[in-house]
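Single chain ahead, written as structure tokens, the form predicted alone.
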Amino acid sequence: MIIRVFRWRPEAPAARFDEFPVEAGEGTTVLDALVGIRETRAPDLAFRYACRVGMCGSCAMVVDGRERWTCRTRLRPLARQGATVTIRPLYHFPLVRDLVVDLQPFVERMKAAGAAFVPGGEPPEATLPERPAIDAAIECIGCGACVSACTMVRWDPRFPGPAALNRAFTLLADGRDAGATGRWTTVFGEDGVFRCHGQAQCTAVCPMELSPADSILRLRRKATRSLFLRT
């Protein structure tokens, strides 16, 4: 099969795709192929990875038009859909080089949404009564795949994005957290949850099978209830 790899460096006049023929075994992953290409044919190819076992999320890229962890994505099933597999970096992030993006905007969105736990007066409990409500959202590891798939992130730079809103949902549902007031403006303000178009692409691509779209819906319900409580 042929792998088309996005190439770009700051000093280059334009981006391009380089093509590499590869032999894929039954268990060969996209990341395996990229490592092989760099070791044998393109030593200057830049991409990011760490654990290689589907835990860190650092190898997230867009493979055949969909955000995926390349260490978990096998080549043969993709090849059955077409002879060529295209790999490009995540969308909506500044490019560093080739397949590497700058994740700092992701960090800034998380900070703006108050994504850090703020300790309250009560000591942490081993089992929280709210825990079942946030269990489905708490395992996000910040790979950026959902942000890449979100169309609103593209058009509104102040929109927190699905990962930050998902994190805000878990904290606002946590009775120990004392940071609700600080994150209220970002989450429920003009550029917050009501900007989401509800297309649920964030949920469709999440490698952890979380649903940021559901978290955003729950935040909307929370905002609506607060309006009734004020009247």
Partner chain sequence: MTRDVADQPAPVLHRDWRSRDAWRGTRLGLWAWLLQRAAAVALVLAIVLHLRNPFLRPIQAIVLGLVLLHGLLGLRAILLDFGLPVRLHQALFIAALLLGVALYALAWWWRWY
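It should be emphasised that the depicted structure is a prediction, and the values quoted were computed from it without experimental measurement. Residue numbers count along the first chain shown, from 1.
Form predicted in complex with the partner chain: not shown, discussed below.
Undergrad: Taking Y49, S58 and E108 together, does each of them reach the partner chain in the predicted complex with some heavy atom inside 4.5 Å?
TA: Looking in the predicted complex, the three residues Y49, S58 and E108 all stay beyond 4.5 Å of the partner chain (heavy atoms).
Undergrad: I need the one stretch from 93-101, 111-119, 156-164, 134-142 whose residues put non-hydrogen atoms within 4.5 angstroms of the partner chain in the predicted complex.
TA: The contacting stretch is 93-101.
Undergrad: Which one of V35, A178, L45, A200 is close to the partner chain in the predicted complex, taking close to mean a heavy atom within 4.5 Å?
TA: Looking at the other structure, the residue within range turns out to be A200.
Undergrad: Taking the partner chain as it sits in the predicted complex, is C71 in contact with it (heavy atom to heavy atom, 4.5 Å or less)?
TA: No, C71 sits far enough from the partner chain in the predicted complex that none of its heavy atoms falls within 4.5 Å.
Undergrad: Could you tell me if D191 has a non-hydrogen atom within 4.5 Å of the partner chain in the predicted complex?
TA: Result no; D191 lies far from the partner chain in the predicted complex.
Undergrad: Please determine whether V187 contacts the partner chain in the predicted complex, using a 4.5 Å cut-off between heavy atoms.
TA: Answer no; every heavy atom of V187 is more than 4.5 Å from the partner chain in the predicted complex.
Undergrad: Hey, in the predicted complex, does D174 get a heavy atom within 4.5 angstroms of the partner chain?
TA: Heavy-atom contact with the partner chain at 4.5 Å: absent for D174.
Undergrad: Just to make sure I understand: among 63-77, which residues lie within 4.5 Å of the partner chain in the predicted complex, judging by heavy atoms?
TA: D64, G65, R66, E67, in sequence order.
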